[in-house]
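Below sits a lone chain in structure tokens, taken as the form predicted alone.
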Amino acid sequence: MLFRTLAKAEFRKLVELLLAANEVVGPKRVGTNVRGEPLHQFLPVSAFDELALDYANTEFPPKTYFLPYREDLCSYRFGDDDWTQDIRYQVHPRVIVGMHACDINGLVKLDKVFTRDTFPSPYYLSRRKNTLIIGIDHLPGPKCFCRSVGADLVERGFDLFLSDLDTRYFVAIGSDRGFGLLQRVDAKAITDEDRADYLALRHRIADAFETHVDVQNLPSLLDIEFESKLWKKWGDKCLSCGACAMVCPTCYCYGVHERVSIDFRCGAKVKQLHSCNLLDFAMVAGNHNFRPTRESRLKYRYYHQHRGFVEAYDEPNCVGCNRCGHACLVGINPPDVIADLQAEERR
């Protein structure tokens, strides 16, 4: 991987060049919560000053720009003797500025699912290939545990990744596209001082993590505790609202349904994100539900995140952002659930 340094004035110039020719999306402050803390969301920006690059986290992940909550896969219209179908992929270029390492790692995990050789998703691919990603380091929040799952560092899935060294950015170049972009501004070769400052920043970020989750041998632990009474304890709290999946940067389950006009002349095939915590997720014909209880649905969400995905891709699906715990109205969060299971095993 190549590295450069970029003065902050040069980075501003770079973003302004991108704004002149592309749709640019970045973290914007949209309000405050009940505790007076700022709320941020990834939204289109029209000027550099709209970017809040010092944000702690966003309520929703930038995943929504690659996997929309709802999208038309195709539309169709019936004539007297024939029918026509219209399928469109989003192909216009887009730039996302300010993604944190955990969210970029979330995209890398989605890449494994949607860009694989067998049946890749053209909808996801078209957005992924036409999106330039500029990431940025940050100090972790008190509930973040991305270091525990190896998502605090990013090695791929981005074009440029910035680390703030006060007067300048230390820039990791992750693609040919990112390298070409830096040729448009005055990027400098790194020096020994730059290396020392960068390593000091990395140590400061690592030491700032307050939440730690022991995921060693977690897949085996989940198998051992499959029938644990703890699932009922946490399941009884669960509201089955699906908020955890809606804010998760890696949840990708979805359903497809047909929307047909009342005169049967036209319609559309619609894809919509789903949640394994919702009551009808495992419902099949004949009204049989394979996961009728809240505890079974909650349990299988954890099994997919920390057991099934590991078996398929050799890594957990969770990136440790803890958005699910923040969004949960009853306080269910991975660190507490996993710690409970580990305590149960020790008992």
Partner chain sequence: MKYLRIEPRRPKVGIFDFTSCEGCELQLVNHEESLADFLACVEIVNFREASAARDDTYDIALVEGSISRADEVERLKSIRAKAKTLVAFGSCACFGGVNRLKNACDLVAANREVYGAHPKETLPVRAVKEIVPVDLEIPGCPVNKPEVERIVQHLMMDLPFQLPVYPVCVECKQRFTTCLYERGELCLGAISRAGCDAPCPAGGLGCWGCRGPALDANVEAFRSMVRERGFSQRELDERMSFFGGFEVRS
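Owing to the predicted nature of the structure, the values given are computational and were not obtained by experimental measurement. Numbering follows the first chain given and starts at 1.
Another form, the form predicted in complex with its partner chain, is not on view; read the next lines as being about it.
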Answer among 67-75, 150-158, 166-174, 98-106 for heavy atoms within 4.5 Å of its partner chain in the predicted complex: the stretch 67-75
- Query: Can any non-hydrogen atom of E50 be found within 4.5 angstroms of its partner chain in the predicted complex?
  - Reply: no
Wondering, does S228 line up within 4.5 Å of its partner chain in the predicted complex on heavy atoms? no
Item to check | Contact of D192 with its partner chain in the predicted complex (heavy atom, 4.5 Å) | outcome: no
**Request:** Examine V247 and determine whether its closest non-hydrogen atom to its partner chain in the predicted complex is within 4.5 angstroms.
**Result:** yes
If we test each of C238, V213, L218, I136 for a heavy atom within 4.5 Å of its partner chain in the predicted complex, the one that passes is C238
Taking its partner chain in the predicted complex and a 4.5 Å non-hydrogen atom cutoff, the residues of 35-73 making contact are R35, L39, Q41, E59, F60, T64, Y69, R70
